[in-house]
Ligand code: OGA
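In the block that follows, a single chain appears as structure tokens, in the form predicted on its own.
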Amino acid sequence: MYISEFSHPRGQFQQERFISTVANQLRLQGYCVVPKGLPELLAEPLYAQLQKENAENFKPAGIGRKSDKVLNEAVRGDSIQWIDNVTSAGAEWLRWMEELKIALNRELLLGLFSFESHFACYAPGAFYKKHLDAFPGDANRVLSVVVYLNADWQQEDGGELLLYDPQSDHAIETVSPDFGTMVFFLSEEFPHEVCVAQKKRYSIAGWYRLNSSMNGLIDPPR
């Protein structure tokens, strides 16, 4: 059995079919879009947690990492809050993603080591220009995961994710940020952007990473 009893209400067969779909699509094309991929027993508590969060808990998202990190609203306008296991919703989400990591490693031999993720809030008018998730010279992010938590999202609300062909400027997928939709893609290969949202837009952005520890320096930290 791939996934824990927590996600059993979706059914073991459905869960294994979900994993098989994600693994096969990643193997064939490097990305996968799964409408309603996140089980409701995970999605609903995560959405409820978002509704209870104070706005000041979200911080403007930067570009780059550590000492190279800067704020640039001309490139990125979302605010973020990292997810930990302090809340029950956060703990269940991280546990589910840990077990998904084990299943994907079994299927694809990716060597995924750890997972990190944050809530992202796009206020009306916010966007994120075309970019890659893997940092130059520090490309230990292997697999990106995006989950959407927007109820009753309409086409005119915008905020779509555009996923680009790695070899051109052609958008190969346009994903509406509908509640429960999950997107997986190889972090180093697929440029992507978030179109302007016309109303508040919530998502979870996460990354499976390799173990790139060297000379006693743990990276990523556990």
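All figures in this text were calculated on a predicted structure; none of them were measured in a lab. Start at 1 with the first residue shown and count on from there.
Not pictured, yet referred to below: the form predicted together with the ligand.
inquiry  = Residue-level question: is Ile83 within 4.5 Å of the ligand in the predicted complex, judged on heavy atoms?
reply    = Ile83 lies outside the contact set for the ligand.
ask   = Though only this chain appears here, would Ala205 touch the ligand in the predicted complex if you measure heavy atom gaps against 4.5 Å?
value = Contact check for Ala205: yes, within 4.5 Å of the ligand in the predicted complex.
query = Might Arg95 be said to contact the ligand in the predicted complex, defining contact as any heavy atom within 4.5 Å?
reply = Contact with the ligand, no.
inquiry  = So, His118 and the ligand: in the predicted complex, are they within 4.5 Å at any heavy atom pair?
reply    = Yes - in the predicted complex, heavy atoms of His118 and the ligand come within 4.5 Å of each other.
ask   = Quick one: in the predicted complex, does every one of Arg76, Tyr148 and Leu161 get a heavy atom within 4.5 Å of the ligand?
value = The answer is yes: all three residues contact the partner (heavy atom, 4.5 Å cut-off).
ask   = Just one of 186 to 194, 165 to 173, 37 to 45, 24 to 32 has heavy atoms within 4.5 Å of the ligand in the predicted complex; which?
value = So the stretch in question is 186 to 194.
query = What residues in 101 to 133 sit within 4.5 Å of the ligand in the predicted complex, counting heavy atoms only?
reply = Residues within 4.5 Å: His118, Tyr122, Tyr128, His131, Asp133.
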